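Read on for two forms of one protein chain; each stands alone as structure tokens, with the labels structure 1 and structure 2.
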Structure 1
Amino acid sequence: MSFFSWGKAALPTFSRGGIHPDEHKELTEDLPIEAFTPTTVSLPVSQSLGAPAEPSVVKAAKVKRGDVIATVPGGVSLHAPVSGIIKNVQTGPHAALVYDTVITIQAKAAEDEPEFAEEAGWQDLPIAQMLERIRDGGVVGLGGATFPTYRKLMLPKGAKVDTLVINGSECEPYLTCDYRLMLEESDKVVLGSWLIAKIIGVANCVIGVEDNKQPAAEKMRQTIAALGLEKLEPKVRMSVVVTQTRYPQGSEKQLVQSLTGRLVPKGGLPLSVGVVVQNVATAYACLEAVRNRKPVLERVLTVSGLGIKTPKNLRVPIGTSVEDIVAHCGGYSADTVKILTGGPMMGRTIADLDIAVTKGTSGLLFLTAAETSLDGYQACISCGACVDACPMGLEPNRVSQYMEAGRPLETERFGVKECFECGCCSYSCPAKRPLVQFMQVAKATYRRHERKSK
């Protein structure tokens, strides 16, 4: 889009804003996924968006890998990621909710460990049954959104959908877990994508991969050609599209625009322009749930940052504590100033190592002072960098000024309610203003206000 790219055939991308931070993917991109299982796991029961979960096991009970240990009315269940004994069911820490009910399992292999072997004829199951397996398998959006996947795939009556977008963008710096998954498990990701396309009844599936992950794009293309998908019924036209490396390419609205040219209307879902978006790891999980009847028991995450001794891509059971991962990766250095779950743009800081990996944890970053910014902030100099960077075309500068002036309920016209907290604005601000935070507080003020006036 810049003056200098005129004439070059530009890769597809979204139309507005965005940033390109240092990628730091070189720390882990060439490291194969390594399995690691700790001796105990502690699972906070709330692992997906929606109603609170209820434990369905008690202390000292014996569980087998894959057993349901907590249920959510109308939501998806949580399963024992390892066989063993329930050590405890009590209040404990949760990365996002601060506190939650936590089930602790002491791992102990059972005599008859379930195998989750492939079931013949899975391709021809009725759609309803496929959805049921996805629900019972506890599949949620593994890109971090953790919305129950079966609910997203059960299209409302009359919805006209023609395209499935599979999100392999992984636009957050540092993270390489989706990249490794596409490289190492491309057949499962592709089959999972085909499965989702079948469930929602579309004949067109586009897999979006950013330019900095060319090997993954190539691998996915080869897999699509090699798998012989044309033998499967229904036929789905699958393609891999390489997009520009530009954060937040993996955000739904942005990715839909990059890949289909369609603009999701304000406050709407991709569904309203005929698109369903799923993450590559979710496609993989859907396949395992339907084909192998294997629930979500583990996840791949990237452990990285200059603070951790040996960065890794790990496959760990849900409920593995940060402490065990730290120990497995050789500890972190004394100059680590922030530990994050998720990526550096939208991830959260954690204060304690007893936080557990949940279904939505895509990364664990140990950032040193050299990589992160701890500066205080100054007055807005109206440079417009935040406005230029905002992919939604909002005015975070104005919101922050109104917030400082104590006028939070006058910020709606600057786009507070359309902000999805991607962080491009704060990232770009030379005055280091915490613009996302101002947005969050403004949003919360509106929510409180609207509750009160009801």
Structure 2
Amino acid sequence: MSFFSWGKAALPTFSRGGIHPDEHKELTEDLPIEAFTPTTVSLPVSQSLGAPAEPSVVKAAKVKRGDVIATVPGGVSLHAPVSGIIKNVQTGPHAALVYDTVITIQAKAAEDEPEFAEEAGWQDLPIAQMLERIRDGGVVGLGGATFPTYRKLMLPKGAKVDTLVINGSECEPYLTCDYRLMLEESDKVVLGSWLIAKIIGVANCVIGVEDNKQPAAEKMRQTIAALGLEKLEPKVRMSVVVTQTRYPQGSEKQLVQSLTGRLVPKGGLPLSVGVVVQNVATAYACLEAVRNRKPVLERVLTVSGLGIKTPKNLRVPIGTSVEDIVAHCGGYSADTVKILTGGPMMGRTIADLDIAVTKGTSGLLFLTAAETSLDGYQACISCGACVDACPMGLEPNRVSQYMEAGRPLETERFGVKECFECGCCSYSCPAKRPLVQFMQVAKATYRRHERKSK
């Protein structure tokens, strides 16, 4: 197993690159999850990787919490997170796509609100039925990737998998929603992890938690012992491994190496080395979908940064607007210069408070000038800092130079297609070059070129 040490006791970690940005987790790590439900929600239909869902409701229709309001043929559905009246189905803002079809619901409690109670015998359901409930529940990767979970758990024929890795790293600065989930809902995270292990047919489950979240690691260990999982069939060995706090520890390939010592090959997936990776929030959602037949209606996110008046960890319905969350948190200060969805490393800047929370929204950050840089960038000084920081061993400096020269389709040799946009390169660059953005544009250019070539 590989180790990377900064004068602390050696803990498992990945072998190449990585950085240790200021964590800023102290702003919210001790704040319990607080529920907030607005009077109106607006749900973009593009909530997972793949084709967008098609609306199945019209203006003025009545819906109950949990009703399907948009569908993808053979894919994951989108559900009403609140009961009420369909106010509009029209084009609206989207954090990643700029614009999308948006379904707006005016909340109004129904007389027969669904309870989503636990079903007896859920542990013994056939695997196919468990997968069907996960699909019908609209479960996607809640760590931010939003890949349909049922598809990830439907292993290809002949796949040899022996280990499930549950990602509790939450390595992005500021974010503490997964940390609070592990502390407050550890039983659901552990049972959801057992459920996933059963579905994919493995007897070994490792939960990875960074060492800046020791209380969560201890809570998960206590819960594993208290739940008596040895009484369930199949028996799954569950363990919690504390890893070094190092960004991007929560990336699949890096976490697999940290916890198992296995190197995922270039162009490969964890599946190619016998591992499946799922986020703690996704494990929680899988349990609710199978045990309670509850679809993904809400999510926990962190609202933080020195610009927000009252930082919080919130559980909000999907479709809650940034504007409503800001109001609930007391507003933001005049010296806020940047608002992000997600974390500071991989999140997206937004300029419209009408943007809605989606299934993949892990945080909202309100950053002041003291927390971020708005300075212009300079020419590459060929220092190699970005190459040293890149956990994939790529050459972001060369990609940026070729992009500036108008030669994006010549960047594959520098590894652009292997980039997962962690932002280590931009963070480490003394010339303040937007290296990850150059990588993003180059990748997008390749995708357009490949579509045209078909």
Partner chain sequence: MSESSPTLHLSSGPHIASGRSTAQIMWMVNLSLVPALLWAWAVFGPVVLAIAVSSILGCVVAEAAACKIAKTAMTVFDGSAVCSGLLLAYTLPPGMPIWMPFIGGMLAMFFTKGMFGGLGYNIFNVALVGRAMMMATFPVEMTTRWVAPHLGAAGVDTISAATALAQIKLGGEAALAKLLAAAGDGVWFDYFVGMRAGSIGEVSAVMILLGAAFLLWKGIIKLYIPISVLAGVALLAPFSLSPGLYMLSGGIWLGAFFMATDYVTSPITPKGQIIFGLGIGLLTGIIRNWGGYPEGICYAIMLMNILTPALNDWFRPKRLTADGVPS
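The structure displayed is predicted, hence computed values, not measured ones. Along the sequence of structure 1, residues get numbers from 1 upward. Between two forms, the rigid core is defined as the largest C-alpha subset superposing within 1.5 Å.
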task = Structure 1 or 2, which would you say is the form predicted in complex with the partner chain?
result = 1
inquiry  = Rigid core aligned, does the Cα position of T445 differ by 2 Å or more between the two structures?
reply    = yes
